[in-house]
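The chain below stands alone and is given as structure tokens, in the form predicted on its own.
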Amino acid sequence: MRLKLNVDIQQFLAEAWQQQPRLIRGAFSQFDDLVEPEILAGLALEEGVDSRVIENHNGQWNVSHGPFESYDQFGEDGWTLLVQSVNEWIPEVQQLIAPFRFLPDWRIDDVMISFATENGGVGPHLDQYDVFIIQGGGKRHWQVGARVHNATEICPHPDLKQLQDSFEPIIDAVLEPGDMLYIPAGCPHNGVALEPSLNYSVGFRAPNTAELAAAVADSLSQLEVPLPRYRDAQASSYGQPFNVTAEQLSHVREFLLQSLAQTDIDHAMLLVLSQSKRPLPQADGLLHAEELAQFIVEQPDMLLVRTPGARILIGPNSTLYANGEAWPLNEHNTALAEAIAQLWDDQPLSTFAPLLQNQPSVLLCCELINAGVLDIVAQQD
């Protein structure tokens, strides 16, 4: 059953999104945990899972990275287990993203889940991304401040950043199951568990200029298209070889800006925006179009599944982007592409049968399955 977010979306976007923190009581009615603490702890034992434990014992902070073999060494209280991208491992957690799809899919980072023992927390800190924190089982005391600039951060442990100075909270509350905090990037916050508790953090990535530019430049370098090369401006003399003049800098700047203007930078950006956070699982063998067409006829109850972590985008250039790859669309497969991009809950293959009546659509679906963006699985009884 899909979770329902009890929020006035238009009001939230107008008054809070990327502007100020919000406490939303009962954001999810009768919220039941999507994962048990024991399951989360077991997940952090596995290779390939990004997890850490942050401890605070008598003011001494420590960070341990998974995979873990046991938790006995951490004691009974004062520590927190944090596991990243749980939505990619547990399907029920993936469903927590659906209520937030009023925001662009490409902005979604992951769902991080933390389990805290009594007095567990990570200390007062800043995040450089927008986050919704949903309280699961247990209670946690949260303080959130207004956005700060040039705050001084310290590292009580090499793998842990905290604020050096205290902040004035504009939200000071105890969260109970179903309550939710929205914290914009740059707003200080601190949460301390009052009892063993679970928190679900739906994060939205916000790359800085350098990160985004580097990713787009890398994308451009991998495209099989000729890119302009720099040439000096004509001159009778370039002056001293160690001097870089204002005119030379201006010429280089113009070269860069004009080159980007002449390059299909939108295509490169869409490849970057569609890139999954982690590698998508690949099928053991390639699915051929004839096999998919046969499934549609003979096994219509099989489920078409969106791979957790896959970002499926459709650009203004009539192209579907997913996992850093591109598929040009046409009048035959655009309707299927839009249905696939909208897909979140697993759906019977028969639901898509009317859209899979032509070869371009079958080929598109087949190629997305082979790329790990989609999967087809047997329906569980």
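Don't overthink the numbering: it's just position in the shown sequence, from 1. Keep in mind that what you see is a predicted model, and the values were worked out from it rather than measured.
We do not show the form predicted in complex with a small molecule, though everything after this point is about it.
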Students should find that, of 122, 273, 90, 144, the residue having a non-hydrogen atom no more than 4.5 angstroms from the small molecule in the predicted bound form is 122
Ok, 105, 77, 195, 127: which has a heavy atom sitting within 4.5 Å of the small molecule in the predicted bound form?
127
Is there a non-hydrogen atom of residue 280 within 4.5 angstroms of a non-hydrogen atom of the small molecule in the predicted bound form?
no
Would you classify residue 201 as touching the small molecule in the predicted bound form, given a 4.5 Å non-hydrogen atom cut-off?
yes
Residue 82: touches the small molecule in the predicted bound form, heavy atom cutoff 4.5 angstroms:
yes
Does residue 306 reach the small molecule in the predicted bound form if we count a contact as any heavy atom within 4.5 Å?
no
Just to confirm the contact call: exactly one of 170-178, 262-270, 227-235, 114-122 touches the small molecule in the predicted bound form at a 4.5 Å heavy atom cutoff, so which is it?
114-122
